[in-house]
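Below you'll find only one chain, the form predicted alone, shown as structure tokens.
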């Protein structure tokens, strides 16, 4: 059975109505749509055909229809109308993202907050894949008591820091910072191997007087801090929005999905599953293979920092989410983020 133009219009109307109401949609509601020009009887027959074809589901015998996962997929791929974001929202986005911050991580996190605000769904954003991120400088700061702060700053503005329980003093801290920056600047984390650490050890021994145990602690600590650059952070915003949707009015379901979203490993698996070679990836319902999210959809897109370093920004919401609005919002944010991050990278900020 072909999905002719009339069936396509009715399917689009049913899904649009269900997105707004969260209630099963009957033929009478569709017949009232201006411009459709079809009787309730005709619409009822077409909806029965759409159900037989797998695009609609009838939850109860006397109820209207709701979209199936296949119906949502066809809607996203072929029927969805273009959504226009208002100029006020666009201007606010300009202001929020272009208010420069002194750490890349904070800028990325802010983009996730904006995505949540624009769509009113749960948003997530990952920091860029940093295995190729090159070191700009390393600072060593002597703190009060027996503590020393080691700060690694990459050329892309990523900042990682750790506190070492050791007192070096101001002079030794400055010397150590100079040696580490000189030897490691311009290298990525995966270029700093055991031989490079041994080379640094020899330079430190010839320029500073430190106990062997102290030197070993410092070198191990520096290596761990640099290795930490390869980790990818995931920030999530507006997770509590799930609670307002009828799909999660059941307390046990709400608890299950919030528990899932609080687990970083769950999110990492989910984000990998949502990867596609396209501008925007959509995973609908059972496609994600995760039981707590069988009534949810995941929409993701990438932003880039240079040619190779990428991160993701996405939305998690009910299957009946406003896909057109989500697509437009993520496209707008990722394009702004690309531009700002690459300007950021090209400057000395």
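Numbering follows the first chain given and starts at 1. Since this is a predicted model, take the numbers as computed values, not measurements.
Keep in mind the form predicted in complex with the DNA is missing from the figure; the text below concerns it.
Site annotation in the predicted bound form: the residue of 333, 25, 326, 10 reaching within 4.5 Å of the DNA with a heavy atom is 25. Residue 64 is the only one of 311, 64, 317, 67 with a heavy atom lying within 4.5 Å of the DNA in the predicted bound form. By the criterion of a heavy atom within 4.5 Å, residue 293 is excluded from the residues contacting the DNA in the predicted bound form. Proximity of residue 304 to the DNA in the predicted bound form: non-hydrogen atoms within 4.5 Å are absent; the residue sits far from the partner. Interface membership of residue 33, defined by any non-hydrogen atom within 4.5 Å of the DNA in the predicted bound form, is ruled out.
None of the heavy atoms of residue 50 is located within 4.5 Å of the DNA in the predicted bound form.
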